[in-house]
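Given next, in structure tokens, is a single chain: the form predicted on its own.
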């Protein structure tokens, strides 16, 4: 019986100054979802690999919820068996629920023969985020589906702008292996901010976008200052200021929290410096009880969701 398997990558939500509106796709880690007809009128999750704590219930798993929304839109209720392969840990701040939701939306759309547009897929995948975090934000699912760096101008209806990435950039990720749930991380955010803070953030957001089009890394560095999310969320990340200092002391172009944390990221424009930044950030946690995972990726080829041959 026909099976389709798709992959969607991890992502960096917010991208420092773009709370809930900017997202960057990664490349090397992500989730796979496989779908196949099961001969009934009911969907089933038959396997979750590397996600022992994730729900098998179709009403509580973001993948099956996304697929159900797509079926309802089409009036197509042929039952599917759904298999999920988690490629990285939940609660990492790298868009775990988004990678699964995006992979589910992409894979089922391919199974159907591409019935939905990119914007429609982003909207469906955002329903998985609603289930996971209480909010249907698209700053992770959009890059996970489309690749690259995206700006979500509006969620209703979905309005997405693809942004250029300066050539030669590398991102260094460090994940201190503690869990920060998105709902908890959102709860520490201030619901109201001062006009001065808002003005500073708008200025930095505009400067960031300008730096991308101008290929101006100096301006990019000056623009990547988050006055909205970082002050509150940094308190949830062990040794945050030490990690930030380690990255900056090794000439990182910029540094920020990935999504809701605890993962953090730094940007640089050469692989040698990337390795130095990676080692310096890891060094902060040597002789502590906290394990870390880290990776370096070039931003030249972060493609987004795609078909894969094997589950």
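Since this is a predicted model, take the numbers as computed values, not measurements. Residue numbers count along the first chain shown, from 1.
Omitted here: the form predicted in complex with ligand HSE. The next part is about that form.
K.L.:
In the predicted bound form, does residue 262 have a heavy atom within 4.5 Å of ligand HSE?
P.N.:
Close contact is absent here: in the predicted bound form, residue 262 is far from ligand HSE, nothing within 4.5 Å, heavy atoms only.
K.L.:
Is residue 186 close to ligand HSE in the predicted bound form, meaning a heavy atom pair under 4.5 Å apart or at it?
P.N.:
Yes, residue 186 lies within 4.5 Å of ligand HSE in the predicted bound form.
K.L.:
Is there a non-hydrogen atom of residue 20 within 4.5 angstroms of a non-hydrogen atom of ligand HSE in the predicted bound form?
P.N.:
Yes, residue 20 sits close enough to ligand HSE in the predicted bound form that at least one of its heavy atoms falls within 4.5 Å.
K.L.:
Although the partner isn't part of this model, could you tell me whether residue 101 comes within 4.5 Å of ligand HSE in the predicted bound form, counting any heavy atom of the residue?
P.N.:
Contact check for residue 101: no, nothing within 4.5 Å of ligand HSE in the predicted bound form.
K.L.:
Does each of 129, 137 and 233 have at least one heavy atom within 4.5 Å of ligand HSE in the predicted bound form?
P.N.:
Every listed residue reaches ligand HSE in the predicted bound form, so yes.
K.L.:
Going by heavy atoms within 4.5 Å, which of 48-56, 270-278, 28-36, 252-260 lines up against ligand HSE in the predicted bound form?
P.N.:
The contacting stretch is 252-260.
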